[in-house]
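Okay, so here's just one chain, in structure tokens, the form predicted on its own.
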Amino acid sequence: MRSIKIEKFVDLSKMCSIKIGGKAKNVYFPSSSDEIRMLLIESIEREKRFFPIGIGSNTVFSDGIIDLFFVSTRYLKKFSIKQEGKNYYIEAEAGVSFKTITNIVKKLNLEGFENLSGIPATVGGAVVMNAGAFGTEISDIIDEVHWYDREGNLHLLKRDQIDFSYRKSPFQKEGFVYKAVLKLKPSKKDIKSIIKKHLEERSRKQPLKYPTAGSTFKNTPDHPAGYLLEKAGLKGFRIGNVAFSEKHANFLINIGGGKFKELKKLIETAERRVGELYRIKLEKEIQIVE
């Protein structure tokens, strides 16, 4: 454990995209597969919840000091590219950003990832939540996942062995996604222009100028969550310095100096209003850590 980088009393508002939160008592920064295994075993011995942190784009931390076994993917950024037949395979560790993958697919004009290109995510977090956009989910292009279980055993799972669904994966319960292999193919389309179009649409429809945790609630089978929130009068609704965006009702934004209690009250208000008006129970897409 001595060789693994550790930081104490880390400002969690700097480890999530909405910039809200207290402090982590400890955050570990592994840089290898063996160090991940060591940390998983250590967390069991200490009887602490193991909690991976990527860029925190769909995570909100509460105030105060949080004493979980936080493990950052900051130094897990190795990747490789190989071609087999007509397909390309990108093997990427958990901390590799979607920006890095986007640069690869633009350079090689590879098809399959373009719809995901603007998501603020790392590979590990995206696999865990089965991130998606514009009709594509990361599970659509996964070839295999290398995953550590809670006891520190490494498993290689092929795509057909993994039960993905809308914003869900079996990796959400425990363990650690160490790396994933994405399967893509050369395209006859202009992938750069498709990505540019998606990024422009995101900028037009989403509040990217403010710190945000992305989509707050999952879409329901019948309606997008943003539609329900807007109909419930919550578009632009504000408590203190946290609000549902005027651009997109399902995006919580930190206007400046937002507090966790304000965010939590907004979420509870939204759940109550939509429940009362439509008898629909909204399911959170963001993860709240208290």
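The first residue of the sequence shown is number 1, and the count goes up from there. Please read these numbers as outputs of a predicted model, since none were measured by experiment.
Beyond what is shown, the protein has a form predicted together with a small molecule; the following relates to that form.
Of the residues G226, P30, G54, G258, just one reaches the small molecule in the model of the complex with a heavy atom at 4.5 Å or closer; this is G54. Note on the partner interface in the model of the complex: the residue among I191, L184, I101, V177 having a heavy atom within 4.5 angstroms of the small molecule is V177. Annotated contact segment (heavy atom within 4.5 Å of the small molecule in the model of the complex): 58-66, selected among 40-48, 237-245, 258-266, 58-66. Taking the partner from elsewhere, S13 is found to have every heavy atom lying beyond 4.5 Å of the small molecule in the model of the complex. Taking the partner from elsewhere, P170 is found to have every heavy atom lying beyond 4.5 Å of the small molecule in the model of the complex. Using a 4.5 angstroms threshold between heavy atoms, Q206 counts as touching the small molecule in the model of the complex. Using a 4.5 angstroms limit between non-hydrogen atoms, G152 is distant from the small molecule in the model of the complex.
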